[in-house]
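Take a look at this single chain in structure tokens; it is the form predicted alone.
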Amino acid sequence: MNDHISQQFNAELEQVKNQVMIMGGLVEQHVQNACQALEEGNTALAEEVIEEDYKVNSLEVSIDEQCTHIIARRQPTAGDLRLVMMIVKTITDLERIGDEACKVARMALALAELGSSKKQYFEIRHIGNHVTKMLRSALDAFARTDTESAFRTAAEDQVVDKEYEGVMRQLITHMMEDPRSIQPSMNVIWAARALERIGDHSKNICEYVIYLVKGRDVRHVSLEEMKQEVL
């Protein structure tokens, strides 16, 4: 009987993990589509990202309810409890990444309405590609509970922050040189800020992976301390 209950419990945990990966895949697609909509001025794609955000929200609610039921019925301890808590935190970050993707999509619509030159979007193309790769790597580290990969991905957030600062400097200079560019440049700045936040949330997911495996909360430690914990 105990073996049967244990097998059922493991199956429930695996099912929830699979649901997180489905949610992660959907969010990643939204980020990619939002960036593409911004670069190409594709209003239809931007609207699609915004309209489909409800799917991300629905998955968050569903997975959260499953985790609540697992805690109530199974009363998990030690590693199993850490896994459930990690999942709850991860889906919160994924939902927020979905929100940030919507912000990028809204800026794509605003810029398309202004008829802005697509040359202005070049500044954030690189940061968009970078955070999309970060999110993909974070989800891969989650799926494989790979702490070394999680650490490497978390460390990329510093690079994203520097890229964001570079974008800000370029756009501010552009606005000072040409006041007519202020409105479109501000929209690009908001999009860049949303992408930078996606990098932060991806880093958070990596920190949860390390917490699951090592049992150590590394959310507010330096990269060097995190490295010592992982390696």
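All residue numbers are counted from 1 along the displayed sequence. None of these values were measured; they are calculated from a predicted model.
Beyond the structure shown, there is the form predicted together with a further copy of the same chain, which is absent from this document and is the topic of what follows.
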In the predicted bound form, does each of Ala11, Gln19 and Glu229 have a heavy atom within 4.5 Å of a further copy of the same chain? no
Give a yes or no for Leu26: in the predicted bound form, does one of its heavy atoms lie within 4.5 Å of a heavy atom belonging to a further copy of the same chain? no
At 4.5 Å between heavy atoms, is Lys103 in contact with a further copy of the same chain in the predicted bound form? yes
Does a further copy of the same chain come within 4.5 Å of any heavy atom of Asp93 in the predicted bound form? yes
If we define contact as a non-hydrogen atom of the residue within 4.5 angstroms of the partner, is Glu60 a contact of a further copy of the same chain in the predicted bound form? yes
The one option of Met85, Ala112, Ala155, Ala143 with any heavy atom within 4.5 Å of a further copy of the same chain in the predicted bound form is Met85
Residues of 162-192 having any heavy atom within 4.5 Å of a further copy of the same chain in the predicted bound form, listed in sequence order: Tyr164, Met168, Ile172, Met175, Met176, Pro179, Ile182, Gln183, Met186, Ile189, Trp190
